[in-house]
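First, one chain by itself in structure tokens, the form predicted alone.
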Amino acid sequence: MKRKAQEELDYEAVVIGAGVGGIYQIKRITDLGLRATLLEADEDLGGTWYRNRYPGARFDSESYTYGYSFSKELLSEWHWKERFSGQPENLRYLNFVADKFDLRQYMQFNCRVASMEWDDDAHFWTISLTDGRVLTTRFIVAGLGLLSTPTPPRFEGMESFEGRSWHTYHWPKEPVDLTGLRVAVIGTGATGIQVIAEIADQVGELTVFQRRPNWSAPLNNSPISEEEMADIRDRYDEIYELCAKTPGGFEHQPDRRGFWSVTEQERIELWDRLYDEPGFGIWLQNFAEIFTEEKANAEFSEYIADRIRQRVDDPAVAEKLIPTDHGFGMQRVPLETNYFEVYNRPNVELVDLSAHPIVRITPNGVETTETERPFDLIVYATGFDAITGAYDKIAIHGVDGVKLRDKWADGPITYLGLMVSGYPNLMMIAGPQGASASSNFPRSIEQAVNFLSELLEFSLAKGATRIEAAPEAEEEWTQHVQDMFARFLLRKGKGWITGYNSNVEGRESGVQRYGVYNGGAPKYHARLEAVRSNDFDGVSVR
């Protein structure tokens, strides 16, 4: 076997994606002294925060827990202006980081990867770009993003619409004047909830087409003053230490008293307090039993339903906004600002698609089984082919030419959400079955980047040119992920975390795909540390 000499390759390492993960990963790799580049399909860096520029896009993590923690100097310099920062500020932050550490020199933009092919004799990858270029590299670290492949609906006649239309992921860069427009928003997931609440008072008429309602709770955003930001800077070590201890990777710790050990009145007092506090506290500072016990979850879901009824004037509309197919927290909970009050406005109409499904998009608007409504703009807030979608779009050929999308046809199989057997030297920053989707994203991202960077350093010190997850380690981890699903009511959710997506062929049935690690961030990070301290047990390095 003749291994490819390092000097014959274009790069020693290639990072794909200039989002939160890719930006940190290219820093860590170049700090190791590797000859590396970062390929980004878009015109500039930012990933999620470059693309999702729709009105209302913002963090649902507290801003100061979302930013990078690897640099004390960075922490001391940046002032988050809001508790939950909006997209423009988030993009400024990522540009600030890239410029501060001079990372743009390693980045190539407008570089969309079409295919990747592994050479098992010479131990390198060939990357083919859509512009016709071909690159070779020893290692690839993919930071493709969990929610980076939008899924427009599959309605008849979409191309015939004579007004403007787009998926929220493709919201134009130039400002869109919504004044007086008749606007349709199709979808009431996390993105739809943000858009709807933000534009309701800007448009002439707003019609919301809802297939299934989602549970949602108040964001309770507020500015961060200079004084508060100074206090946060002083407490960063404490803040990140707390995030590392909590299952969700946030500041919110579960209530350990026990659901049934307190009175109903005491439970309501807790819920009233949490409902008025910022962020995911209403979900993650709650009793642990709401995640595991049907009766506890039902009682809490009814509490949230009553809060929705209090906020919506029309009782019939309120009931349409309350989910009946799953309990609160069985899917990732969208956070909102005055979302339910939108439906009290005279210019807003809610269309229940379970009663009157969309038949087609017409040149003038949207036709349901009930009637046709004319629009100037249609916004498709119909979500993403989550977790594996970005990988499926690239033809990734591993050992013996096996396509990754074929291996994952019935659901992803990985080791730690970071590597896949049969695809040597390919690593994933936030891959399927990792903790990123089920916890505060950047907190788990930093852990993954650190782990992968140390694995690369370990391999290079040994003179290795081929690193790969062992099949038995991959099998054990995948089974562990499945076992963790069985413990939580989350398994009953009909959303992207469990693999359901009516806009992706083959995913309409809701057959479960085990794409997320549900054991909590501390257990996941402890597992990474155990693997790392045992010379990267489960990874073949040669």
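Keep in mind that what you see is a predicted model, and the values were worked out from it rather than measured. Residue indices: 1-based, along the sequence shown.
The form predicted together with a small molecule exists for this protein as well; it is not shown, and the discussion that follows is about that form.
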Based on heavy atom distances of at most 4.5 Å to the small molecule in the predicted bound form, which listed stretch, 150 to 158, 271 to 279, 112 to 120, 443 to 451, is the contact stretch? 150 to 158
Verify the contact flag for Q512: yes if a non-hydrogen atom of it lies within 4.5 Å of a non-hydrogen atom of the small molecule in the predicted bound form, no if not. no
Using 4.5 Å between non-hydrogen atoms, is G189 touching the small molecule in the predicted bound form? yes
Touches the small molecule in the predicted bound form: N503 (any heavy atom, 4.5 Å): yes
Closest heavy atom of W78 to the small molecule in the predicted bound form, within 4.5 Å or not? no
Go through F101, Y240, W171, F384 and name the one with a heavy atom inside 4.5 Å of the small molecule in the predicted bound form. F384
Identify, from the list R83, H397, R212, R182, the residue with a heavy atom within 4.5 Å of the small molecule in the predicted bound form. R212
Contact test, all of R58, Q194 and W496, partner the small molecule in the predicted bound form, heavy atom 4.5 Å: yes
